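Single chain ahead, by itself, as structure tokens, in the form predicted on its own.
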Amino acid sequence: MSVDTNGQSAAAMVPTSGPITREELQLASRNHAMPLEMLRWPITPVGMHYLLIHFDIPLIDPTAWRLRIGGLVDHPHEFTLAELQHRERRTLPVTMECAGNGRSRMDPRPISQPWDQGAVGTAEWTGTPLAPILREVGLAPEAVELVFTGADRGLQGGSEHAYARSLTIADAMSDDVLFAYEINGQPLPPQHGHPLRLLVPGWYGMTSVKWLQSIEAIDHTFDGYQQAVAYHFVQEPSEQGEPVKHIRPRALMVPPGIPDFMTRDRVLDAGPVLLQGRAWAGKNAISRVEVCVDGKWADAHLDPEAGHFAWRGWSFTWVAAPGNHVLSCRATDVEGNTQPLQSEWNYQGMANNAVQELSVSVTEGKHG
């Protein structure tokens, strides 16, 4: 049996235009998206925030847990949770999105967690900044990267490993990188990384390692599977490609009206309709959101920013006439990066930020 870079049979990993596989369904039952109607909330309730768990949720005793910092540092140290909680405390509203969001809308469909469009959420994360701790332990001059390792462990890429990702020293020293121990004012629940996770605002979610247990300073580029193979833009599994990093611009609309149970197509009344949604990007602020009705684009109104790394609300008044219509929205950041109309296909199904489309049926009746 041939095996590809994901450590699975090549036949099982070939992108497909067919139905969802049993393996994908199994992943979908463990992980969940944010329902798009939750875009009405500026801060996503914890239970509605998207969730991706690579291996198993580890059972960790917070009183016995320690965070080990070592490798190329002058003063290796172990921190207790209480010690970290008594350091400088900072709360940031941050929009986090899975790098695979929109994967199931690619054709052929890359085989993995079959996200539609809701693998996103915005939470108020509380923790302590990483940079001061790095200065205290004293990074050696030859250190070039920091490897962040979680307690979750499994098989992928043909080998057993704990989930681990790295950052360059410069990226790790950003003022906004946190050791997070609370979400929306409460301790992290087990599924979100209890007792401590890394939070790297502006990057796709794979970077914010959960169940954090160690940090190691190294003098070379980290070659662990989750860094060197997974999360890359490639056209075939043998390529190395470019790594996935910052979140691409995206806007999503709260589906108007009421849904059909199976198709999720919308039904709404004729007349003025306030279309609303959220838009976000990783590195840059959102400067424009446009709404499209049946092929005609117009600018939406932008709400004030809620934070540099938090999504931005938008609204648009549409006078809905009876009939069938297609609604879309797209975001543009301050550097002019905007969403494409079609998916930019890649083998792993990464960073599909193609514009959202909603089919709606407008009637003269009264609904919802």
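Everything numeric in this text was worked out from a predicted model, so none of it was measured. We number the residues from 1 along the sequence you see.
Keep in mind that the form predicted in complex with a small molecule is not shown, yet the notes after this line are about it.
J.: Within 4.5 Å, heavy atoms only: does S208 come near the small molecule in the predicted bound form?
T.: S208: yes, in contact with the small molecule in the predicted bound form.
J.: In the predicted bound form, does Y163 come within 4.5 Å of the small molecule, counting heavy atoms only?
T.: Heavy-atom contact with the small molecule at 4.5 Å: present for Y163.
J.: Would you check, heavy atoms only and a 4.5 Å threshold, whether F316 touches the small molecule in the predicted bound form?
T.: The answer is no: F316 has no heavy atom within 4.5 Å of the small molecule.
J.: Even though the small molecule is not shown here, does R330 get within 4.5 Å of it in the predicted bound form, heavy atoms only?
T.: R330: no contact with the small molecule in the predicted bound form.
J.: Hey, with the small molecule in the predicted bound form, do T44, A279 and A310 all fall inside the 4.5 Å heavy atom range?
T.: Spot residues vs the small molecule: no contact at all.
J.: Only one of 294-302, 259-267, 84-92, 150-158 gets a heavy atom within 4.5 Å of the small molecule in the predicted bound form; which is it?
T.: Looking at the partner contacts, the answer comes out as 150-158.
J.: The small molecule isn't shown here, but in the predicted bound form which of Y225, F179, F79, Y231 has a heavy atom within 4.5 Å of it?
T.: When the small molecule is considered in the predicted bound form, the option within 4.5 Å is Y231.
J.: Sort through A33, L39, A320, I53 and report the residue having a heavy atom within 4.5 Å of the small molecule in the predicted bound form.
T.: Answer to the contact question: I53.
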